[in-house]
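We begin with a single chain expressed as structure tokens, specifically the form predicted on its own.
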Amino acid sequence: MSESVIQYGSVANPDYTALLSDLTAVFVSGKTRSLAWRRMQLEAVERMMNEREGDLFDALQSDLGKSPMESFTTETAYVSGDAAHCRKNLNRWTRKRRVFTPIVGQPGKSWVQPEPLGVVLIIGAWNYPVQLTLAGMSAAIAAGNCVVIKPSELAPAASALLTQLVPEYLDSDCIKVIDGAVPETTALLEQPFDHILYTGGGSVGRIVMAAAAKHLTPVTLELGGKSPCIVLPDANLETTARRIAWGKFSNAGQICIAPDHILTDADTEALLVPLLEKVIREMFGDDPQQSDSYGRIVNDRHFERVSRLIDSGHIALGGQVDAADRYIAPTVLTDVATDSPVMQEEIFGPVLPIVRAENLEDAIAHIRGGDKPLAAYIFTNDKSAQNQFLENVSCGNACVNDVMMFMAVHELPFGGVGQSGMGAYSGRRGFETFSHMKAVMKRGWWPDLAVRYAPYTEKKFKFLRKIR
């Protein structure tokens, strides 16, 4: 059995005290601080995504019914590109950053010096089991940390494959994989890690945060929420429909930044629904269940949960379900009340409610009346409306005239706000999340002015007032 997947404690009662102790010892040795080591691991991530692409595609097909193209664009290519971006920017990110030293600090120099935190725990998510585990890992490696990754047990094929591949490609002295479920995650959270990144739902996020608080461990929580999508009458509705349908029905809607619901007026809704029907047929055919491009709900529990939400309004499109296949058709609901079941929770499935909002002000008021979403979208050509939306809607990420595409920009930080999460990663922000930005000042020996030392005289006081 590989060192990186060795069983700690008993199967029934895992204990990761030794795991953390071993990794801490390696970190203290300085092995992970080497930029050469970091580059080597990031290159290995890139190779793993390229060389084992077929195996990863098969695992994602097994867990979520993902097509090879969807798996490539949102999982393997994303992870490979993120690792390459980190590797190419290592020299710049790790450099000391000089800051201004005021006259009272002269002679002296001041700078910020990034240093790794230590041992980082990354708890992945099932909806993007490769991307949401390994992208965070790459950022932690780039910052020079040891890492423990816990893939989601709800995507068992991907979890098993990552448990196999990570020790084959990466340094198993510094990077460990824990395969398991709730007992393993619970036992890991008992340990005093130096940082925890968790991606998932708010209920488990609270558990993670409470466990981390016992050790004063900083956390980054990537949660979710009801990401709204405002469509104003002046938008290019055909392109709008295509982009919303792509964002909503990719991965069968199981995306934390998918447009959760549409906010628009009655006239725009009447034009938009037929266009949504048209683009859904173009993407998935007359019967999406037979389409190789359309995914499946991850398990029976989530299938039952999402299926119940379909009764929240009038079924304008779709509505078909097949429990044996965990299939829910791309579904659009109209006549949806704000107090209906589908509007009370993050949908996380292929059900798209349209809620009436007679104008932009009504739509913004609706959004501000709920929790701050992880993402928010607006479709309009009106720059004034765009600015009003961006200035008045607090969300983790925003996109104008498209959905989700901010994920393609590695230098944009990705993270939530309020109930949708805290902290962020991606690009340089990921490096900084897993680093301590240490403040340093170096003083010269001479002159050593007596003005700061006691006894404190009126003359010294006047002088200090002048130079402050």
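All residue numbers are counted from 1 along the displayed sequence. If you're wondering where the values come from, they're calculated on a predicted model, not measured in any experiment.
Beyond the structure shown, there is the form predicted together with a small molecule, which is absent from this document and is the topic of what follows.
By the criterion of a heavy atom within 4.5 Å, Gly201 is counted among the residues contacting the small molecule in the predicted complex. Although the partner is absent here, Ala324 sits far enough away that none of its heavy atoms falls within 4.5 Å of the small molecule in the predicted complex. Although the partner is absent here, Leu223 sits close enough that one of its heavy atoms falls within 4.5 Å of the small molecule in the predicted complex. Contact annotation for His302: at least one heavy atom lies within 4.5 Å of the small molecule in the predicted complex. Residues of just one listed stretch (353 to 361, 178 to 186, 264 to 272, 232 to 240) have heavy atoms within 4.5 Å of the small molecule in the predicted complex: 178 to 186. Each of Cys256, Glu346 and Leu374 is positioned with at least one heavy atom within 4.5 Å of the small molecule in the predicted complex.
Proximity to the small molecule in the predicted complex, taken as a non-hydrogen atom within 4.5 angstroms, holds for one residue of His366, His85, Lys150, Arg296, which is Lys150. Among Leu132, Ala143, Val306, Leu121, the residue placing a heavy atom within 4.5 Å of the small molecule in the predicted complex is Leu132.
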